[in-house]
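Only one chain is shown below, in C-alpha cells, and it's the form predicted alone.
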C-alpha cells in the first residue's frame, strides 16, 4: 500500500517548484546582481547623516496616507450613496463634486488650498487669535484636506457603481422581512458594495501613495522631500532616488498584501 504525502508537504513542494523555474531563477539572479552593484559601486555614506530625517519623513508619508484614505473613504460612502439612490437635490451636488475634483489636477487643488485659502486666514484677526491658528499656519492640514478630497471624489464614483451593482431583489427581500432602512444598509447593502469595490479600492490606495510626494511642494517634509534635500545638499542624484523607489515599492507591496488578505476573508464571493 502506497503512502500519500500530507497535503501541506504537497503544497510546499508545489510552491518550491514554482520558484525553481528557469525564468524565475534568472530574474532572481539579475535582481541580486543589481543589488550587489548598487551596494558596491554607489555612494551610501550619506545615509547616517539623514537617517533621523528620513525616518520622520517616512512616518509623515505613512500617516498622511492612512489618514487621507480613511477620511476619504468615509466621505466617499455618502457621495456614492447619494448618486446611486439619493434624491436629485443630493445626487446632483455629489456628482458635481466628483466631476470637478476628478477633472482638475491634484497639484492645482493643493496649491489653491494652501496658497489661496491658506493666505486668506491671516487677514482675519479672530482666526489668528483662535485655537486653530497654530494648525492653520502649518502646511500639513492643507495637504491632508486636498488628498482627502481627491480620494473621496474618485472613491465616490467607485462606491456609486458598487451600490448600484447590488441586486435590488436582495434589498426588497430584506425590507419584506421587516428590516429597517438602516439595518438593510448596514447588513446587506454596504457589505456587498464594499466587497465589490475592494479590488478598485486597493488600486486607488496605491495611487494615493503615489500622490503623497506632491505635499513636498507646500513645504511638508515627507520621504520624497528628504530625498530631494539629500540631492540638493550632496549633489548625489541616483542613490536617493533609488532608495526612494525601493521604499515606495515596499509600501505598495504591503498595501497590496493587506487588501489581498482582506479579500481572502470575505465569506461569500460576489458575482
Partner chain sequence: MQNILKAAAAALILTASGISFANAEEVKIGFSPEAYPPFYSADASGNWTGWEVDIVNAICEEAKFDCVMTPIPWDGLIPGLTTKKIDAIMNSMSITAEREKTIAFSNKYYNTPTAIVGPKGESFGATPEDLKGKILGVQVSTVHSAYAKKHFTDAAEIKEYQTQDEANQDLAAGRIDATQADSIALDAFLQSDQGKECCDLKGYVAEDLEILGPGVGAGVRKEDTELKEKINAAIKAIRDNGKYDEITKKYFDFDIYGS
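Quick caveat, the model's predicted, so the values are computed rather than measured. Residue numbers count along the first chain shown, from 1.
Keep in mind the form predicted together with the partner chain is missing from the figure; the text below concerns it.
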{"item": "Interface segment, criterion being heavy atoms within 4.5 Å of the partner chain in the predicted complex, picked from 190-198, 76-84, 169-177, 128-136", "value": "128-136"}
{"item": "Any non-hydrogen atom of residue 40 within 4.5 angstroms of the partner chain in the predicted complex", "value": "no"}
{"item": "Interface membership of residue 238, the partner chain in the predicted complex, 4.5 Å heavy atom rule", "value": "yes"}
{"item": "Close approach of residue 114 to the partner chain in the predicted complex, 4.5 Å, heavy atom", "value": "yes"}
{"item": "Partner contact for residue 122 in the predicted complex: the partner chain, 4.5 angstroms, heavy atom", "value": "yes"}
{"item": "Residues of 141-163 having any heavy atom within 4.5 Å of the partner chain in the predicted complex, listed in sequence order", "value": "142"}
